[in-house]
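This document starts with one chain, in the form predicted on its own, laid out as structure tokens.
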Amino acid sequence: MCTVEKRGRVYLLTLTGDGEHRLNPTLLDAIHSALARIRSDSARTGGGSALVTTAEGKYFSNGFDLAWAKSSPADRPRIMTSALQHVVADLMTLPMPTIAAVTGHASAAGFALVLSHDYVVMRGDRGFLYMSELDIEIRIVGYVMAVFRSKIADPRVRRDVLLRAPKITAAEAARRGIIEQVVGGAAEAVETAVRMGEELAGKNWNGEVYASIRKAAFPELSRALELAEEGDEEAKKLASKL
């Protein structure tokens, strides 16, 4: 369901196949396992690294797998939202810069997955970002709303994304500050994201410090994800280096 390859200092995580990449526990567990392998490998090899997440086919991700969630047992929606919460927490604590290379439509929970990365590069020739919850009459869970409050700073843009449910093109998303960069097509989006990742990895930043600063930069999201606060011992270690 997903693959990981290394391009220089960049880990490229790809959601494979031509489907919609609906976020059910099977796919989310595969992403979680892939991120765990990346975390372990980067710790073993040392040096700067970066992550690029992308997808094959028409969709980056068309959101939660609602067909799976609506079938029995009754706790399937909770299981599914919990699985995505683990993946968002993985991305928030990953000790390296993260970039989403959006090569197709990203809707609802798929849009949230995109924004859970540090940077977003999107193809401009097709695809859109879309929060469909109003249109399909589904409430937004707390940590997903925290993603949008944290990553879309302008309250008017956030209002329009959530309360108008528009299908946002890459050009419009860049104009409104939702994403960093628009490029031509899918291959260019991946190539651009990998180049960005290589540049960031080349800074050779301490990954644990990077992750700590990321969490501190988005405190509401960190609280919503129930991420542990930095302890006194870590504070003492940092203070000793000043």
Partner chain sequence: MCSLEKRGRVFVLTLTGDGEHRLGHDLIAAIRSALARVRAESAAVRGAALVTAAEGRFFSNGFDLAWANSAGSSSAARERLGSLVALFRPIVVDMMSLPMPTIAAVTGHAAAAGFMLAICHDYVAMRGDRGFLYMSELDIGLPFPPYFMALMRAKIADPRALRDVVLRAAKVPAAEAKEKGIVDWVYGSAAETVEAAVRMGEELAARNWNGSVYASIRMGSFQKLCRAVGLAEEGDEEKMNIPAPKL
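If you're wondering where the values come from, they're calculated on a predicted model, not measured in any experiment. Residue numbers count along the first chain shown, from 1.
The next section is about a form of this same protein that is not shown, the form predicted in complex with the partner chain.
Contact with the partner chain in the predicted complex, defined as a heavy atom within 4.5 Å, is made by none of 86, 117 and 195. Only one of 201, 66, 31, 182 comes within 4.5 Å of the partner chain in the predicted complex through a heavy atom, and that residue is 66. Remark: residue 70 counts among the residues lining the partner chain in the predicted complex, judged by a heavy atom distance of 4.5 Å or less.
Mapping the unseen interface onto this chain, residue 169 falls outside it, with no heavy atom inside 4.5 Å of the partner chain in the predicted complex. Contact annotation for residue 93: none of its heavy atoms lies within 4.5 Å of the partner chain in the predicted complex. Interface membership of residue 133, defined by any non-hydrogen atom within 4.5 Å of the partner chain in the predicted complex, is confirmed. Comment: 155-163 is the region of 155-163, 93-101, 106-114, 120-128 lying near the partner chain in the predicted complex, near meaning a non-hydrogen atom within 4.5 Å. In the predicted complex, no residue of 17-36 lies within 4.5 Å of the partner chain by any heavy atom.
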